[in-house]
Structures are given as structure tokens and as C-alpha cells.
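What follows is a single chain, given as C-alpha cells, in the form predicted on its own.
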């Protein structure tokens, strides 16, 4: 009995070891493909080309919002940006209000939104570096400031309109019938790869994520890199608000809220270490696909919304546990 148990444990350990050698981004992508075909067991109409395109389209919105979160988590020091949801909402409201349905004002409105997101990110970074406020506390406090600012400025009245050009770029099919938002997501993925793998900033970001003291002794200007990281996170979250507005065609006071925690989960499921110093955006893209597929499967199973939330939470906990085990084996 003991030998059989030991053999079974050895088999499980060996299997986990083999899984541990698979790159996290590829593992998440394989899981996404498996989940897609599992959907066919729940609903025969689930597996088809149109459904696949729709899932990628929905995942694109989460993936774009999670881009800045990826940078912050890689930077380490318990870095998580809880202001992302608020920035997404603020950016969408600014674009909606400034452009007021006018195509010629779309780019200026986008510029204002990106500037606002960047400024909020800089404030987050300064609070974390200069005042030594923990990232979670700083970004959570900033979320309250953003929400209060939105209420003061709008007085609860969301006046404006969505420019037709924005809806056309984001929602309308592009070449080969690919939705515009998917093309935007692919371009963003390539830019993020270049930023992380082919720039000095990217190398320094991974360095401070592994060990800030060692990075500082190696000549890395840690405060500047941290502030730049949170500034980029704010700017990318604002861009996420721009993209979401093109999809929803309207705004509401909690537009970005539902994307906050899934943006963190997508980064982690994609293989980026919460401790920092290891990861990448391609993994986040795969993680966004996995989470979107899980939500689609739960809807296909026709569960009540309350049970969908419960099951989604349990699955997410299981995934994070598996990925945590996998990362231990990779170290």
C-alpha cells in the first residue's frame, strides 16, 4: 500500500514537474483551447468560428485594461494598482463629454484622457516612493479620490455622446472580419513586448522586481522606474476606457469597476509572479482568454448569476493554486 501511495505521489509530482517546464503563457493558452472545446460538451452550438471570434473580442477588453497592471505587478514590492477601474471610468467619461459625439474632437479628447490617467499614475508613484505609502493603500485611496472627482464634475449627469468614428474603429469588423478591438489588442501586445524585452526600461523593471536594493546598487534609478511604471499603468488604463467606450457606446459611473480584479487575475493566471520580477504581457493575454472562456462556459451552463459568481471564484482560486505550485517547481 505504501509503495503504491509513493508511486502515485511520484506520478503526480512528475506530472507537475512536466507542467512546470511549460512556459506559463503557453500553458494558459493551452488551457484556453481546452476550455473552448469543453464548452462544446455543455452546448453543442458553443464551438464555432463566430463564438471563437466573440470570445477573443471580449477578452481583448480585459487584456487591454490589464496591460498596465502587468507592469505594476512585475515591478514587485507588493505592487497592485487598485485605481485601474476608476481611471477606466474617468477616461471614458472625459472622452464622452469632451468629444460629445464629434469625430473631429475624438483625438483631443483621447489626449486629455491619457494625460489624466498618466497624471494619476504619477501621483500614485510619488506617494509610493516619496511618502513610502504601500501600493495597495495608495492606489485604493486614489480610487476614492477619482470616484469623488467624477461625482463632483458630473453631478451624477453623464452628458455627452460617443463619436461614430470610435464605434467604427473598435466595434466594426476589420480585415478578414476581425473586430477592430482585436487588431488594437494585437498591436498593443507587440508594443508591450518591445517595451519589456527590447528597452532599457524593461530590463530595469524586471531588475527592481527581483530585488530593488540590488538594482539600486547596479545603477538603476529605482524611484524613476517606479513612477514611470505607475504612470504607464494609468495611461494604459485610460486607453482601456477609450476602448470600452467604443464598445458600450455610453458611460456609467462604474464602467471600469468590473474589470479591476479580473485584470489582476489575468496577469497572475498568465504566469506573472505576484512577488514581481518575472512575467510578460503575452501571458496576460492568455490569462484574459482563460478568464473570458470560464465566464462564457458558466453562462453556457445556464447557472443563476449568484452561482456563476461563486463557481467563478472557486475556479479562480484553484487556478491560482495550480499556478503557484507550477511556479515553485520552476524555481
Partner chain sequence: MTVSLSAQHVVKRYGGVVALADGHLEVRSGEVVALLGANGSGKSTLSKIITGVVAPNEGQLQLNGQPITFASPRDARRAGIAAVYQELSLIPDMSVAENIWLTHEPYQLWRVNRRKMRQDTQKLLDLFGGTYRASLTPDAPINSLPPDERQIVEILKALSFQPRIIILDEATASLDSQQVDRLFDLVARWKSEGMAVVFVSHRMEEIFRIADRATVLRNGRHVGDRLMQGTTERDLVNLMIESAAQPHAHERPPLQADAPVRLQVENLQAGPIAGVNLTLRDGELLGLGGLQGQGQSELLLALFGALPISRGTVTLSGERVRYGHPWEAMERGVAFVPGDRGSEGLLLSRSILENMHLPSWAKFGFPLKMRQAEAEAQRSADELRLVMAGLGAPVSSLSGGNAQKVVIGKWLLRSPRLLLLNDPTKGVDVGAKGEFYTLLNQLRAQGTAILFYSSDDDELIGLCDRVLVLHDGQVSADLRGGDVTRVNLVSASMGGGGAVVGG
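Positions refer to the first chain, counted from 1. Just so it is clear, the structure is predicted and the values come from calculations on it, not from any experiment.
Beyond the structure shown, there is the form predicted in complex with its partner chain, which is absent from this document and is the topic of what follows.
Across the proposed site, 97, 249 and 258 without exception lack any heavy atom within 4.5 Å of its partner chain in the model of the complex. Partner proximity in the model of the complex, defined as non-hydrogen atoms within 4.5 angstroms of its partner chain, places exactly one of 166 to 174, 130 to 138, 193 to 201, 117 to 125 at the interface: 193 to 201. In the model of the complex, its partner chain sits within 4.5 Å of a heavy atom of residue 206. Interface membership of residue 278, defined by any non-hydrogen atom within 4.5 Å of its partner chain in the model of the complex, is confirmed. The shortest heavy atom separation between residue 210 and its partner chain in the model of the complex is within 4.5 Å. In the model of the complex, at least one heavy atom of residue 219 sits within 4.5 Å of its partner chain.
Checked against its partner chain in the model of the complex, the candidates 215, 106, 232, 225 yield a single residue with a heavy atom inside 4.5 Å, and that residue is 215.
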